[in-house]
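Below you'll find only one chain, the form predicted alone, shown as structure tokens.
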């Protein structure tokens, strides 16, 4: 049977067919949908973890117990999971363990463009890279087999285009003849004290060398000889671009990008006149090919920044553009918080209070955008609280009162707790705002340990965030309704003046939350044009439901208008209007 699947759907299917028993992750675009599709297969115990490190540790435990395990994350998640990953390369596995990492060239939804192939080489683990959905499924199955065969975790690299693009996939049956998992003691292999690690390291190096040699015969690495004047070494989605733009060129398609099959690369290079390396982001393959003594051209003509496209590849090789495939230029569409978003009023208040806001990763990062313009830093998950502590260590006493860290509920549980612990321990005077919208919103409304539900939608214990803050030593905890502008501003102002750590927690759910009993939509609002004086105060919150309609005579005068299809009845705009021009729609 065949189906049209995205790369993420195909990876989930591949895990199912491979007999995977455990799948875990922290959601992160473009990898999120892998776990959301894994729950379709009841044979797989699928779960969200508080962060990527924990998710990999759960997968490691399942592997040590003898079961096949899948762990997925986006590229920056590997930074969080790197600690267990590097030692896992030494311990090896029992049941096959596959770590899927989805890179994000062009940073469609990320803060950097890191190339995860470097992690595979750094951690000394093999990495496969599929080029379409069919390969996503097949490579996932192969990764489990290689993991057990070579006693190593195996990384599988995707990217935005592979994860979200769709193509035809031929489905197979689930493997049913795998050994039954059971406990097996082997401390010499699994306890990484220095004495044991010294024994394991040479084994890791030997396995990588054997993989490189065996890679020459692997079907996933293949030489396609056509016009021998040009030979292109490539992998992943870049292979598709090469075949589209230069269909006559000879290609060496690498399905395993670490370790590289050096013998196969040398054989290919000997059969063509000129070698090019086409790859996204870092010159990962190019540098190794050059180190082999092969003269190759890569980043000399292809940028190291941004996503590769057929158009950019044509430009790199001096080929004419395919005008028929050029996308139509569209007007800019900057990101914005949803109408009725509970974060909007908080950032409006912080802007008015002229706070210095250390931000974090989530929907609320959009508080940086005008007209709210109320975020001054954003580095990585959970960093806002630690950065606020650092800022207060160096600025004057008056400026300390302006420092506010903003973090979401899911991000707080991800890596924010330690920062708050440090803040209390070291007597920081900064204020922390935890924007609790009852969901992990930006990646698609996934549950987290504070929502009361698991990925499988089973009821679960919900972490009490105020109680958790109290447990780490916070004495001053305030809970506010972020849709009440006056209350929010007053409480923030009071806590910013406090000469010790304080936490303000908002308590309104995401307007798109999937459980209808949690969020109740308010009455739709409208503008009374007879009362509206065109002061534009309502525009200062940047709500997409509010638009400005110029006057009929073409003058600068005009009036606000609320789109009833977008309005969620949050009431924030009505509170801003000093002329009572905004009211509930009759």
Partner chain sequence: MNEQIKNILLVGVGGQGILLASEILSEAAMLAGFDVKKSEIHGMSQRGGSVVSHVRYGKEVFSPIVPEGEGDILFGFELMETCRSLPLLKAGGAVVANDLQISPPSVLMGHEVYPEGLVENIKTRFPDLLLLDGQQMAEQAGNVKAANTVLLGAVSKRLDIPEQFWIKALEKMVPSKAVEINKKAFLMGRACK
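Positions refer to the first chain, counted from 1. Because the structure is predicted, anything quoted here is derived from the model rather than measured.
Just so it is clear, the following notes concern the form predicted together with the partner chain, a form of the same protein that is not shown.
_For the three residues 50, 91 and 194, which mark the spot I'm curious about, does each lie within 4.5 Å of the partner chain in the model of the complex through at least one heavy atom?_
Negative, none of the three is within 4.5 Å.
*Tell me, which of 174, 498, 274, 166 has a heavy atom within 4.5 angstroms of the partner chain in the model of the complex?*
Checked against the cut-off, the match is 166.
*Selected contact from 323, 305, 467, 183, since only one has a non-hydrogen atom within 4.5 angstroms of the partner chain in the model of the complex*: Selected residue: 323.
*asked:* Among the candidate stretches 485 to 493, 143 to 151, 117 to 125, 233 to 241, which one is within 4.5 Å of the partner chain in the model of the complex when only heavy atoms are counted?
replied: One stretch meets the cut-off, namely 233 to 241.
*Within a 4.5 Å heavy atom cut-off, is residue 475 in contact with the partner chain in the model of the complex?*
It does not: once the partner chain is placed as it appears in the model of the complex, residue 475 has no heavy atom within 4.5 Å of it.
*Considering only heavy atoms, tell me if residue 354 and the partner chain come within 4.5 Å of each other in the model of the complex.*
Although the partner chain is absent here, residue 354 would stay clear of it in the model of the complex, with no heavy atoms inside 4.5 Å.
*Quick one: does residue 509 come within 4.5 Å of the partner chain in the model of the complex, counting heavy atoms only?*
Outside the cut-off, so no.
_Check residue 217 for me: does it contact the partner chain in the model of the complex (non-hydrogen atoms, 4.5 angstroms)?_
Output for residue 217 is no: heavy atoms all beyond 4.5 Å of the partner chain.
*In sequence order, which positions of 364 to 378 have a non-hydrogen atom within 4.5 Å of the partner chain in the model of the complex?*
If the 4.5 Å heavy-atom criterion is applied to the partner chain in the model of the complex, 364 to 378 yields 366, 370, 371.
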